[in-house]
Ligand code: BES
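Only one chain comes next, encoded as structure tokens, the form predicted on its own.
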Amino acid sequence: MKISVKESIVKNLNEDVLIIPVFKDTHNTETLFLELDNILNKLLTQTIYENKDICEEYKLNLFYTPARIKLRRILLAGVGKIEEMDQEKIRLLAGKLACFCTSNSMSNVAFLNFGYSLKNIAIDDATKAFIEGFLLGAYSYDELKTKKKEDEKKNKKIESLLIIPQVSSDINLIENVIKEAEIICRNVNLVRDLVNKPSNILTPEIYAKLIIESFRKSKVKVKVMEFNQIKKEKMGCIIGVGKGSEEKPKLVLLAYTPQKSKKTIALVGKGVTFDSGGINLKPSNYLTNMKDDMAGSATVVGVIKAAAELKLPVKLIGIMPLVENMPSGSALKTGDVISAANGKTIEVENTDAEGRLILADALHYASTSKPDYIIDIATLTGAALVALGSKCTSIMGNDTELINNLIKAGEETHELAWQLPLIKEYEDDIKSDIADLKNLGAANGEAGTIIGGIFLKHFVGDIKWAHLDIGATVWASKGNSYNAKGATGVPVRMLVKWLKSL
């Protein structure tokens, strides 16, 4: 989708539709609105006056214009009370508008931008939120549909979005906003594409090749460690988890090194391309979406790609162990003891707690480069859904400032996160009788998400570290206007926001 901004005489617009936001508690007094209203013999103000519910939140009203102007359709979009408007409400409205335009085959869309009647939000923030919601709301994963061409005839994809500023001085500001929002949303949608792909066409082998291809034209260096190299690094956890699959595990490394970078961040992402549970096979109703168990690694891809395109002055290291967790005669068994790359021995109490095993090796590898921060992102526990629900990511770590700043970035992007404590009294629950650690806590599943974080803490050393458990937030069973059913792309926007704050 092409997004642009320019001053326009609204009567000369040739787009399929012009979207005009309308407020419940204030009249549109901007010059462009009044000009169009005069051309239409007060049709806009009359329609709003006679239909009070038009201005309610997320209400959409479409009508055709007289033949004397080029513009054929106008869509009034209800925003609600101006004092209650925030960025998330704008995203939700924009997402709904994108879905509406797509389903009504409106390929070329114009939007009369918010004016200076805004009270609690700046023009650039409001515009960015609108573009984000519109781009994310227009997303669909349809590459495997055989009737794709027929469907496109019925529901044409949006080709262009024209932002019409209220005053010419906004143009440069909006152009910068467009560039940033496009980069971020393009990479959120890349993550969605990766997570939505079925596991039979996103094996560790194919996934590694797709990552290489994603960065082919960027300044990010990609290295793929094959099985023999992983073995040489003594990564017994990654090797152990991958033993049951015909696919050999891989460790994909990314490096973005801009000039004048003052901070180094290692991003570690869990990359289980399909998680059957291994010998501890999952119940069938839990297997359905286990292709999404690589979402942490996809997040690392999206965040580093966005950071490179935005030219953020921070050095990033990406570390992604890619494996399949499958049951077979060669698979890891309950009761086996394996050795992590840092030398710690681990008793495997449950082969379905495999994410923390591969992350153990990856986190230790990350720590050897001595970054300022390590952040790991993983669909680690189902208990995260019980703890905080599907709208909030669980976050843990060893540095309060880091955690607070990530939570703040989540609030600003509405990719919400909340801290769970790494309570030291639970340390005893992962002590093994025959090894240093075991990969499961109390038998009744008590504090499951926290136990996962406590286990990972043993592999980061003294480096400032945060763990994001996205097990509940990576997939939407229902979705909303800008998060379609399926992969959400969380927490790409949060992490990019945090990186910008550095």
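Position 1 is the first residue in the sequence shown; the rest follow in order. Treat the numbers as computed from the prediction; the structure is a model and nothing was measured.
Only in words, not in the display: the form predicted together with this ligand, which the text now covers.
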Fill in the blank from the handout: Here the chain appears without its partner; judged in the predicted complex, the stretch of 236 to 244, 380 to 388, 217 to 225, 159 to 167 with heavy atoms within 4.5 Å of this ligand is 380 to 388
Exercise for the section: Decide if the three candidate residues S369, H458 and H467 all line this ligand in the predicted complex, where lining means a heavy atom within 4.5 Å. Expected result: no
Exercise for the section: Evaluate D352 for contact with this ligand in the predicted complex, applying a 4.5 angstroms cut-off between non-hydrogen atoms, and reply yes or no. Expected result: yes
Practice task
Please run the contact check for G453 against this ligand in the predicted complex: heavy atoms, 4.5 angstroms, yes or no?
Solution key: no
Handout entry: 4.5 Å heavy atom contact, C392 to this ligand in the predicted complex
Key = no
Problem - Partner proximity in the predicted complex: R72 to this ligand, non-hydrogen atom cutoff 4.5 Å - result: no
Practice task
Quick one: from K282, H414, K81, K263, grab the residue that has a heavy atom within 4.5 Å of this ligand in the predicted complex.
Solution key: K282
Problem - in the predicted complex, the residue from D361, D376, E132, D293 that sits within 4.5 Å of this ligand by heavy atoms - result: D293
Problem - Contacts with this ligand in the predicted complex - residues in 261 to 279 whose heavy atoms fall within 4.5 Å - result: K270, D275
